[in-house]
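So this first bit is one chain, no partners, the form predicted on its own, shown in structure tokens.
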């Protein structure tokens, strides 16, 4: 009774190791029984979550199952292919790569974020059994490995958090800049150009381009502040309809906006000459 828990655990572990040396542990039924029990536990948890998800989802005026419960709604409304303010985001397990792309500038160093760092980390992980062949496995005797593991976990955690919480410029926020754009570019009285500017603000263009200091300038997209000096309106409409025709395979087509909206966008871009 006077012995502490640590001593009893050490004695039990010694007996277990001695038993393994003498008799071994049969795969059947020992390992199979353990695997079967764990499989039932996993399936039971999945069924429980599915039941909670189904019964906890509520109703909304739009339809049954649209109100989010503890585990989210049963389904959401159909996707709107013509939306102009949706900002695509990666799944949570790619958020660290997503944030790395925000750190490295295109195009000189983006290769480091997309290929360099992940590839080096994977090669080091795959090579671990070959270059770390010591029998010692106690964490206290492996300071380099433990420090590397802790730094990896911290960096992945921080990058994932930063990527998940990173805020992009929403179209509703950019709409507030349209009057300033009109005044600076000199198309205040042109309603067609103003409507095109509003379309430009909510269509996600500034997720890649820069316009009068706003935007990200990613993926090698040019500054559009003076694009009107480089293209004619009809050429701009053709470009927006099918950028691949002009050799741009990165930018998607904006043909879904319709011819009328494309002409408004082209009018706005044609009025964007960079003049103060």
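Positions refer to the first chain, counted from 1. No experiment lies behind these values; they were computed from the predicted model shown.
Keep in mind the form predicted together with ligand HEC is missing from the figure; the text below concerns it.
From the candidate stretches 64-72, 207-215, 51-59, 38-46, select the single one in contact with ligand HEC in the model of the complex, where contact means a heavy atom within 4.5 Å.
Heavy-atom contact with the partner occurs in 207-215.
Would residue 233 show up as a contact with ligand HEC in the model of the complex if we use heavy atoms at 4.5 Å?
Although ligand HEC is absent here, residue 233 would stay clear of it in the model of the complex, with no heavy atoms inside 4.5 Å.
Ligand HEC contact in the model of the complex: residue 248, any heavy atom under 4.5 Å
Result yes; residue 248 sits at the interface with ligand HEC in the model of the complex.
Just to confirm, residue 181 within 4.5 Å of ligand HEC in the model of the complex by heavy atoms?
Because no heavy atom of residue 181 falls inside 4.5 Å of ligand HEC in the model of the complex, the answer is no.
Can you work out whether residue 160 and ligand HEC are in contact in the model of the complex, taking contact to mean some heavy atom pair no more than 4.5 Å apart?
No, residue 160 sits far enough from ligand HEC in the model of the complex that none of its heavy atoms falls within 4.5 Å.
Can you work out whether ligand HEC is within 4.5 angstroms of a heavy atom in all three of 99, 113 and 152 in the model of the complex?
Looking in the model of the complex, the three residues 99, 113 and 152 all stay beyond 4.5 Å of ligand HEC (heavy atoms).
Residues in 207-229 with any heavy atom within 4.5 Å of ligand HEC in the model of the complex:
Counting only heavy atoms within 4.5 Å of ligand HEC in the model of the complex, the contacting residues of 207-229 are 208, 209, 219, 220, 221, 222, 224, 227.
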